[in-house]
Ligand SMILES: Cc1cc2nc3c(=O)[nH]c(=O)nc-3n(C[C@H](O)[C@H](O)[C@H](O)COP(=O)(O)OP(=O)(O)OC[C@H]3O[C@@H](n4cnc5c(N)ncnc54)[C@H](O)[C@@H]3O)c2cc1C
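Before any questions on binding or motion, here is one chain by itself as structure tokens, the form predicted alone.
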């Protein structure tokens, strides 16, 4: 398959990209690594009139620890995270997530910012970063804006970005050396998108996320409260009962695999 006709614009700077996005006519998409948008365009599931390519824009590929936060640029590839460039315990968690994304050839080009902005419900980073906490930074016509990762993904392929905003990076918490985390996903074979994701971090606060749903990943507060109280295991049956009280639209099979993923993520946090 080949994409429908579109205009490709390679941006030289972030300011130029923001201006071009604000002035564009027709449907306009921003291209990071192209590993999500490209296949959708080839299948004609996405048919933008204009594609703004950020591959040459400087200042979006940094990784820096500053005090209690780690800044990760939107154009940082999955492969760089897999190779351990994000420091500390936060980096250990992100490295584990990155290693399970597709295949190395995809990880070499795919970017963390592109994945989160694309917001595929089955992708790893929207769920993994929600469990980590922190915020998204975005540039638009009104300048730089910081958006909490809580609620940033609002539905399938839908985020809290404004129509004229470009995701530029993330500010993520530094997990202490005594922090725990667990991440588990159900997929039919390695490299495929997930059918269910469970993600847990125990740092300053306990966070537990149910991901790869038909909509947006969501925090499971009852499990977070149990973890905060010192509980170190939640059975699959207990997670089923908890998730069944959420309006997630799961059928019986989906309820089971999401319960398995989240229960095993909790188990992994204390392994």
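These numbers were taken from a predicted model, which means no experiment stands behind them. Positions refer to the first chain, counted from 1.
Only in words, not in the display: the form predicted together with this ligand, which the text now covers.
Remark: residue 91 does not count among the residues lining this ligand in the model of the complex, judged by a heavy atom distance of 4.5 Å or less. When this ligand is considered in the model of the complex, residue 54 lines it closely, a heavy atom lying within 4.5 Å. Contact annotation: residue 182 falls outside 4.5 Å of this ligand in the model of the complex, judged by heavy atom distances.
For residue 96, no non-hydrogen atom is located within 4.5 Å of this ligand in the model of the complex, even though that partner is not displayed. Judged by heavy atoms within 4.5 Å of this ligand in the model of the complex, the contact stretch among the candidates 172-180, 140-148, 113-121, 79-87 is 113-121.
Judged against this ligand in the model of the complex with a 4.5 angstroms heavy atom cut-off, the residues 32, 35 and 193 are in contact without exception.
In the model of the complex, the residues of 69-104 lying within 4.5 Å of this ligand by at least one heavy atom are, in order, 74, 78, 100, 101, 102, 103.
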